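What follows is a single chain, given as structure tokens, in the form predicted on its own.
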């Protein structure tokens, strides 16, 4: 009987694995194409291919169902193939330091988008202050490193604690407002933080902070290239793997939180706040917790960014950053971890690759985003029903 069961399920698993491998390799190839493309027609052609793919899935939903089912059936294959791709990706980029820089920034923005997704996607809380907590984390770690000689590893928890405290400070008064008024409170908070960074002398004012020391790990400075098995990667690869590790932590945190009582409470608040309160859910506490989680992860991203670029200024943490992060969540697909990451990469690469349009590139990027939202009104990868227990 056991042999019969195995024989029955093997043919179904094999195509699933092939679909998963093909999808991940295709995604990696499209990303590589966008990173390496120096010609605007090539970039537009790649965007056209992506748009055609999403349009096809919108017209034929069964195609998307097949792909999702394949990833669910071959989850182990998807995980290990994905790990292999991301670990070897710097080798594919070679000496293209500009492409490596874009990937690092996209990874950090993915963390910020996942942090905001806990609020906007899971609990439907509009927050335009993610850029502010991102800056708080960056400035806290940079000040501790410059003035007290602390290593990046020591400043990480300190920056997270400071930003989380600010998250609570923002969340508590925000509970007295709702909807558009709540959004206005977060906008005001972001503006206040930006003005403080811009005007206080100990933050460097508009000139920012210069000379943030490069981190090291087990005697290996992040300013040195990585050499392994005859392969030599540029120094940026150190920060690539560090940002990748942070994104992995954020993905794991998202998975654990979404499937926990906290995630279910956030979803209940998003669906109907009054009904959630009537069921005994402490709405105010869970909303404040969402602010704190957002700030905690944003601080980690801010710290890595500060040590990566070695110079930060208030211009790195403007209101536009918060708007961009929110757009990433909406375009990618709210409350969908993978979709949010895709949205972060897309909106990090597009403004850079469309610089040929000069002053009109932001307008062009906006048009591309609107077209994608027309093709996929609920985001590129909409939220799907979660499965628990035996159906997980």
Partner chain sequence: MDSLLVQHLLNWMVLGSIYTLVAIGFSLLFGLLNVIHFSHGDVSMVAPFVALASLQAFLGLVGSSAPAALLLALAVAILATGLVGIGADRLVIRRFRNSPAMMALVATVALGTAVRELVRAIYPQGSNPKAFPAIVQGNVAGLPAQPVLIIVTSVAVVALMYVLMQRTAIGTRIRAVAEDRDTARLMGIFPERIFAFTFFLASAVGALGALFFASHAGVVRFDFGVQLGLIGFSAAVIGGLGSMNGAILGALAIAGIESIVQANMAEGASYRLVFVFLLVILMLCVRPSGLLGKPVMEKV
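What you see is a predicted model, and the numbers here were worked out from it, not measured in a lab. Residue numbers count along the first chain shown, from 1. C-alpha atoms forming the largest set that superposes within 1.5 Å between two forms make up the rigid core.
Quick note: we don't show the form predicted together with its partner chain, though the next part is all about it.
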None of 97, 224, 195, 88 but one has a heavy atom within 4.5 Å of its partner chain in the predicted complex; the exception is 195
So its partner chain isn't shown here. In the predicted complex, which residue out of 185, 209, 160, 102 has a non-hydrogen atom within 4.5 Å of it? 185
Tell me the stretch among 231-239, 148-156, 129-137, 318-326 that has any heavy atom within 4.5 angstroms of its partner chain in the predicted complex. 318-326
Could you confirm whether residue 307 comes within 4.5 Å of its partner chain in the predicted complex, counting heavy atoms only? no
With a 4.5 Å heavy atom cut-off, would you call residue 189 a contact of its partner chain in the predicted complex? yes
Verify the contact flag for residue 15: yes if a non-hydrogen atom of it lies within 4.5 Å of a non-hydrogen atom of its partner chain in the predicted complex, no if not. no
If you check in the predicted complex, is residue 181 within 4.5 Å of its partner chain, heavy atoms only? yes
Decide yes or no: are 176, 330 and 377 jointly within 4.5 Å of its partner chain in the predicted complex, with each residue judged by its heavy atoms? yes
Interface residues of 296-312 toward its partner chain, as seen in the predicted complex [heavy atoms, 4.5 Å]: none
Could you tell me whether the Cα atom of residue 371 shifts by at least 2 Å between the shown form and the other one after core superposition? yes
